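Single chain ahead, by itself, as structure tokens, in the form predicted on its own.
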Amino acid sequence: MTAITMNQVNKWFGALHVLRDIALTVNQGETVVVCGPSGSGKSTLIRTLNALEPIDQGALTVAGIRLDGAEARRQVRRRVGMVFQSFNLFTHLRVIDNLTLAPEGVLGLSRHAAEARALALLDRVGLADQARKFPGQLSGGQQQRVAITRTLMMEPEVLLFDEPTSALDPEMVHEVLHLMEALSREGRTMVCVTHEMGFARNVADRVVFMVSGSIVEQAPPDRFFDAPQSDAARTFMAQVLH
């Protein structure tokens, strides 16, 4: 089944045409990596998928909901989880409270049920012993894993990642990518904007390459990395794999 459908989607910021006739389908259980040079529209694309950025033209359907109004945006945001470059944790709240806030307030879970879910997920991501700490007491990699766990607390149908390792020190990148790989292998639907080409090659079902607001090519990772079809993709990979 289809989780995301973008049909001739266009987006402008003033005179700047940031998304140009985007046509993209993501199936349920598929992991798609979106890559390309800076300014290619990757982050804007992923932000349209949970209605953080409205589209100007075309049609966009996410988790069975066509994004065409305020109510649709609210429904999609309950079904789609987003992990950002920055962790966006509430620094004055303990980890456990960061995790339980939305499930209690939005999903209506009891405190007991929300804490039980949080502790189970923290155990799964190797952070069970960090539940009562504040974010500032954790490493960057641990904070990003908490941020991913917070997203999982809402049981989303689609997971979106916007450069989730770009703010991390190099030694902390692996632990976040390892968690993302585990989520992919569970069969979750994931769209990831990243420059981590090792992750793209080993984990993605498909790589989508963007330049100047357009999708230039998309292919399974072995074909994309071993035989890219466009000069732009060959140039990009020569730079990032140098």
Partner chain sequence: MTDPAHLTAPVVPARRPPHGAPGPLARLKATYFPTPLQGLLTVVLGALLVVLLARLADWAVVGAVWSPADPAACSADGAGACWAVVAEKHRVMFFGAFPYEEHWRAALACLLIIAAFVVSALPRCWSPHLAWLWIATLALALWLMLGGAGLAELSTSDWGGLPLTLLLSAGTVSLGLPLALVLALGRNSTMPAVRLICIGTIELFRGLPLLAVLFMASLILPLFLGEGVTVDKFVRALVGMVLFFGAYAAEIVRGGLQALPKGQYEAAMSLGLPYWPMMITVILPQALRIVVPALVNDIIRAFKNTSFVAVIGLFDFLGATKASLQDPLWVRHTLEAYLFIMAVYFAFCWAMSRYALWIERRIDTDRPSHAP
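Treat the numbers as computed from the prediction; the structure is a model and nothing was measured. Positions refer to the first chain, counted from 1.
Below: the form predicted in complex with its partner chain, not depicted.
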| query | finding |
| --- | --- |
| Contact residue in the model of the complex, from 122, 159, 89, 114 (heavy atom within 4.5 Å of its partner chain) | 89 |
| Residues 82, 102 and 136 all lining its partner chain in the model of the complex, heavy atom within 4.5 Å | yes |
| Partner-facing stretch of 202 to 210, 49 to 57, 63 to 71, 35 to 43, counted where any non-hydrogen atom is within 4.5 angstroms of its partner chain in the model of the complex | 49 to 57 |
| Residue 142, heavy atom within 4.5 angstroms of its partner chain in the model of the complex | yes |
| Residue contact check: residue 77 to its partner chain in the model of the complex, 4.5 Å heavy atom | yes |
| Heavy atom of residue 175 within 4.5 Å of its partner chain in the model of the complex | yes |
| Contact flag, residue 96 vs its partner chain in the model of the complex, heavy atom cut 4.5 Å | no |
